[in-house]
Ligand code: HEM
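Next comes just one chain, in C-alpha cells: the form predicted on its own.
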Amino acid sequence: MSDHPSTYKPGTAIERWLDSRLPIIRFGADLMSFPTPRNLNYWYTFGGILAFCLVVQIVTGIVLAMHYDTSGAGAFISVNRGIMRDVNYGWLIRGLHANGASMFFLAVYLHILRGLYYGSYKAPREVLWLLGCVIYFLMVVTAFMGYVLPWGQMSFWAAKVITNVLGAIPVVGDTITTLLWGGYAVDSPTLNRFFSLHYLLPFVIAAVVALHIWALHVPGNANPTGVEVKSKSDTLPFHPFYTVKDLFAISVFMIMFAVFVFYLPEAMGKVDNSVAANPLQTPAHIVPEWYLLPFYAILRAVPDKLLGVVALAGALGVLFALPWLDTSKVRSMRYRPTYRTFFFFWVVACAALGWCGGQEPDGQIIHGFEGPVLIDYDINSVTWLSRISALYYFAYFLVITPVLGLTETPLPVPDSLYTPVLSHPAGAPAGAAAAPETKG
C-alpha cells in the first residue's frame, strides 16, 4: 500500500517551486489520499485521539513550564498557588494537563487492546508495533516524572520509593539512583532533573510518533478481519471517509475529557498530594497514578527487590517480543475463539492488578478451627491476588500465546474484505463474497 501513486498536482507557481524543493504539501496530500481498508471500525480512531492528546499535553506543558519553580522550596507553591490562582486560566491549563495524562493513558490502553485483539502486531507490522511499545515506555517514564513535579507528599515519596527500587539493579543501580537524585537523597536537584526530562521526553515521543506513522504507511493499516488488502476496491481514501470518523470520535472523547476538567478536576489525584512534601512524615499508603497501578502491583507482589525490578521490566519487555511469541498464522481473534477467551481472562488479570496496586498490602487475620484449637490465619489476600494475576499476565504471553498458535484450530478466514463488509446477494452462498459495484 506504500506504493500508491501520488494524486497531488501543484496548482500555482509557488506550489510548483516548493514541490520541486521541499514537497511538504505533496506529503500532506498523499497522507489524506492514502488508501485505507474500507472495514475499519471505531476502535481504529484511537490513533487520532492519541495524536490529539499528545498535542494537548505538549501545548499545556509548555505554558505550565513558564510558571513552574523548580526549587524544592517553591515547586509546591508555584503549582498550587501560583499557577492555580495567580496565572490567568492557570486552573484550566493545569486541569487540562493533569487530566490529559489520564485521558492519554486511557486512550493508549484501548489502542493497545485493539492491537492485541486484531493481531496488528503481526508481520509485516512488527516495526510498527515495536515503535508503539517504545512510545508507551516513554509515556510511562514521562508520566512518572510529571507525577513528581507538584512536590506534594505523594509525589515526593513516590520518587523516593521508585528511585530506591532502581538501586537494586546490580552494578549500575547505585550509579543510576545517585544520578537521578543529584546527591544522596531525593531533594531539589532531583526535582530539577525530573523537570528537565519531563519537559524533553514529550518531544522525543512526538518524534517516535512520526516514525510510527511512517511505519504505518509502509504496509498500510491492519483491519478487523486481519485479511490483507488485495485490490484497490478493498480501500477508501483516508480523507474524507476516515478523517470525518476520527473527528467525530475525538469530539466524543473531548466531551468526556471536559467532564473531568470542569466537574471532576481532582478525581484522578490523591489527597496526600495537596500537602507539601515532608521528608519526615511518610504517607500511610504510597501509590502512583491509576495508569501505573498494574506495574506497581507486580513490583510489590515479588518479595525480593531485585526480582521485583526484573518482573517490572519483564512486564514491559514481553510486549516487545509479542510479534515473535505469537505463532498463529491467523491475525484477528474474531477467528480464534479459544485464544479470545484467554485474552478476556488476561484483561481481567490486568484489571485485578490495577485494583491490587491501589490497595494497602496488609494481611487479614481470619479465625478458624483446626481440631479443637482456635488458630489465627494471616492471609494477605491482596498480595496473593497480585501474584496470581501477575503469573497469568506472563503466562498469557510466554506460554498460552505460543502454544495456542500451534495447537488451536481457527475458524475459516474470509478471502477478502468484501465478505464481512457487504451483504450477500440474494441466492449467494453464505461464505461467498459480494462482487464490487461498478460504475459506468
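On a predicted model such as this, the values are computed, not experimentally measured, just so you know. Numbering starts at 1 and follows the sequence shown.
Beyond the structure shown, there is the form predicted in complex with this ligand, which is absent from this document and is the topic of what follows.
Which of 114-122, 154-162, 183-191, 273-281 lines the interface with this ligand in the model of the complex (heavy atom within 4.5 Å): Looking at the other structure, the answer is 114-122.
All of Met103, Phe295 and Ala351 within 4.5 Å of this ligand in the model of the complex, heavy atom check: No, none of Met103, Phe295 and Ala351 comes within 4.5 Å of this ligand in the model of the complex.
Phe343, Tyr136, Tyr199, Tyr335 - the one with a heavy atom within 4.5 Å of this ligand in the model of the complex: Filtering the options by heavy-atom distance leaves Tyr136.
With this ligand left out of view, choose which of Ala75, Ile83, Met145, Ala222 has a non-hydrogen atom within 4.5 angstroms of it in the model of the complex. Result of the distance check: Ala222.
Though only this chain appears here, would Val229 touch this ligand in the model of the complex if you measure heavy atom gaps against 4.5 Å? Answer no; every heavy atom of Val229 is more than 4.5 Å from this ligand in the model of the complex.
Does Tyr396 make contact with this ligand in the model of the complex, using a 4.5 Å heavy atom cut-off? No, Tyr396 stays farther than 4.5 Å from this ligand in the model of the complex.
In the model of the complex, does Trp129 come within 4.5 Å of this ligand, counting heavy atoms only? Judged by the heavy-atom cut-off of 4.5 Å, Trp129 is in contact with this ligand in the model of the complex.
Is there a non-hydrogen atom of Ala51 within 4.5 angstroms of a non-hydrogen atom of this ligand in the model of the complex? Yes, contact at 4.5 Å.
If you apply a 4.5 angstroms heavy atom cut-off, which residues in 172-209 are near this ligand in the model of the complex? The stretch 172-209, when checked against this ligand in the model of the complex, contributes Ile205, Val209 at the 4.5 Å heavy-atom cut-off.
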